[in-house]
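Just the one chain here, the form predicted alone, laid out as structure tokens.
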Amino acid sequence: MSKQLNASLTVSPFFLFFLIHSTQTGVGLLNFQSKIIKGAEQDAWVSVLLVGISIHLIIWLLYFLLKKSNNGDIMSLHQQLFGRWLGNVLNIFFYGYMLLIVSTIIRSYLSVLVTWVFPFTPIWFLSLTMIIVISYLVVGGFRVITGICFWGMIIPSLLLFTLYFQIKYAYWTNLLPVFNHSLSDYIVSAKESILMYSGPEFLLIYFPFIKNNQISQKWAHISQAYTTILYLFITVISFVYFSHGQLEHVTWPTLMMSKIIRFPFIERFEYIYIFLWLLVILPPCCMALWGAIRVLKESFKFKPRMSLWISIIIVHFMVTNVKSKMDVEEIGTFITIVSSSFLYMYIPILFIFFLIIQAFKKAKSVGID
């Protein structure tokens, strides 16, 4: 059974709805449409739906493992299954995964800022500014990050009402014909959809900070269902607004859709999107950086301040060394492979390995060799 922390450090299970959804929505929401259409084309919405449903199974596996973990996190689970030495080696890999997520999100967002708003501002300066903001929030602890997740979902959700403008120019025939692609085409689109659903794996870090975490699973599934519906809705709107050929050549479809919005007092509404999107990317960045610090603290007994400095130096180095647009695309491809492997390979392997160990212990206890 996993341990439960002091109530003053935990949050209500209800906040899992915001924690999971906010860590799933990031800068990828601005350009995922042009990636998923490469496979199943107008049928890519099917892949988006099926991947979203499959994440429910991943969440179930995560809860199964975390409930069996000694301390309710992946650090103790690794040590429990593989011993202290090998377990800490795996914890280092998970630490690197957390930093890779932070670096990828920051660099992708900076690519948008440099292209649309600050073309002459050095990347190192923008990176340092964002890292300072993220670090300030992380120092506040998990409850502060939960608050950021809450507002990072509520405020940007107001932008959903602006999709009314795109619906007025929709060509619903763009969705036809339906189901006319091969299985391999749907798989290609599904691979591109996985990254935008990554986020539930943060449960492996903050599970002990959820009050009554043993009975909190329903909120995780409700949040995942909401995320799936949201992505499905935005996918369909994008497909009926853009033609297939247009989506292949548009770098940030969501931003391009916002360019048609005009108000008497706002000429460039896409700037509202870009700057409000900072609230969207802060939750996954803060959660990943906080998780990385916690890995060092729990596995190697590093002090939080030292862990923070080590982590932000590595992140800043990674961000500033991604120079060109091609490099940004390559690191995006790499994180897609890593995230897909972690969710759909590593988590099931941990589950199977745990069952094997449990069966071995049970057989040994009854005297069966």
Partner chain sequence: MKNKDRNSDYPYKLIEQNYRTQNVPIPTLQSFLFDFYGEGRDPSIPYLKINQKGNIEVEGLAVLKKDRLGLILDQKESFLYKILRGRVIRGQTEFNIHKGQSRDTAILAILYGKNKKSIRNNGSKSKVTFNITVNGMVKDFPDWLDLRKKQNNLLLKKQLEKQMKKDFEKLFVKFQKQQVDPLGIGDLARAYSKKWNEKEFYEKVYPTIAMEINLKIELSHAGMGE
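Predicted model, so just to flag it, every value in this text is computed and none were measured. Numbering follows the first chain given and starts at 1.
Same protein, other form: the form predicted together with the partner chain, not shown, and the subject of what follows.
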Original post:
So which of 231, 242, 206, 95 reaches within 4.5 angstroms of the partner chain in the predicted complex, heavy atom to heavy atom?
Top reply: 242
**OP:** Counting non-hydrogen atoms within 4.5 angstroms of the partner chain in the predicted complex, say which of 161, 265, 179, 120 makes the cut.
**Re:** 179
Original post:
Applying a 4.5 Å heavy atom distance criterion, does residue 171 contact the partner chain in the predicted complex?
Top reply: yes
Subject >> Non-hydrogen atom contact residue 251 with the partner chain in the predicted complex at 4.5 angstroms >> reply: no
Original post:
So, in the predicted complex, is residue 129 in contact with the partner chain at a 4.5 angstroms heavy atom limit?
Top reply: no
**OP:** Consider residue 246 of the chain shown here, and say whether it contacts the partner chain in the predicted complex, taking contact as heavy atoms within 4.5 Å.
**Re:** yes
Subject >> Stretch from 257-265, 189-197, 273-281, 292-300 whose residues place a heavy atom within 4.5 Å of the partner chain in the predicted complex >> reply: 257-265
Original post:
Looking at the partner chain in the predicted complex, which residues in 95-129 have at least one heavy atom within 4.5 Å of it?
Top reply: none
